[in-house]
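Shown next as structure tokens: one chain only, the form predicted alone.
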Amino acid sequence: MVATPFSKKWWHLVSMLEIWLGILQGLGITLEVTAYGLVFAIPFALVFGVAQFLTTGMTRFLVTAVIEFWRSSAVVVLLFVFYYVLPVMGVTLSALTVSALVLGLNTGGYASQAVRAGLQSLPAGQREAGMALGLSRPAILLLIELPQALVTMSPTFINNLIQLVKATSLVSLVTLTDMTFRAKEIAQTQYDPVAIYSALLLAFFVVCYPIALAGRWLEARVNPERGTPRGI
């Protein structure tokens, strides 16, 4: 039976679908690392962002040093150090913990700057009004400043979340079977790099784009003054 151009295209589409479904077998690890990473990222961003906003002098220098360490260090190098070097010093962490810790704190370092900038963008009158009402400094921060700043930060937080999802493509370097690892496995048995890595690209798009849409919806709800974003 002679293969026609139509049948060739059909079987190519079937092959692409099989590759895509094979890559999605790593989706669970991708989502698990993302969720676990948020456990590190969110507290780090809030605590260090607020600390950088409130402190001065040597304390602020130390807070900034910690933020810059996680923000400025190469994620790949940190993954290797925490996974391969720490066991030499007697500290052994699982690949999942190392991945979530490194990616989460790296993302938290970036998000902390959004927290600081959001607080700094508020007019001083907000704080002065709270003081005039007899509120303590922590109460002013929790009841007046942070709620307003979080609205301003929400688009940046969504961007950071998408960056965290995309960064999970690195965890295959520490043996986790995520979507990128599955793509490499498939590439070892099928020499079709165009189809395999196009399918991997599509898989990450399918995961990240709904997050972007959810971010727009959330922004329109928490900050209606900016108007509802149009289009997709």
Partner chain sequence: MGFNLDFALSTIPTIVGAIGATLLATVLSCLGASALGFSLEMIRRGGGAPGLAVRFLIDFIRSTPVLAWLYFLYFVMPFYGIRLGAMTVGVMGLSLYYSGYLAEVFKAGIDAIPKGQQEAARALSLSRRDTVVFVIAPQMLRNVAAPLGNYVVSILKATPYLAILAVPEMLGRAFDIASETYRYAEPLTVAGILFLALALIVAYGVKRIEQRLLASGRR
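Positions refer to the first chain, counted from 1. Here the rigid core means the biggest group of C-alpha atoms that line up within 1.5 Å when the two forms are laid on top of each other. As the structure is a prediction and not an experimental result, all values here were calculated from the model.
Keep in mind that the form predicted together with its partner chain is not shown, yet the notes after this line are about it.
Remark: none of the three candidate residues (L96, R116 and S154) comes within 4.5 Å of its partner chain in the predicted complex, counting heavy atoms only.
Checked against its partner chain in the predicted complex, the residues I162, L135, L150, A129 give one hit for a heavy atom within 4.5 Å, which is I162. Screening A124, A139, V91, V77 for any heavy atom within 4.5 Å of its partner chain in the predicted complex leaves a single hit, V77.
Using a 4.5 Å cutoff between non-hydrogen atoms, Q52 does not count as a contact of its partner chain in the predicted complex. By the criterion of a heavy atom within 4.5 Å, L143 is excluded from the residues contacting its partner chain in the predicted complex. Not displayed here, its partner chain is kept clear of I158 by more than 4.5 Å at the level of heavy atoms in the predicted complex. In the predicted complex, no heavy atom of Q120 sits within 4.5 Å of its partner chain. Contacts between stretch 58 to 74 and its partner chain, counted in the predicted complex as any heavy atom lying within 4.5 Å, involve E68, F69, R71, S72, S73, A74, listed in sequence order. Taking the rigid core as fixed, one finds a CA shift for L24 smaller than 2 Å between the shown form and the other one.
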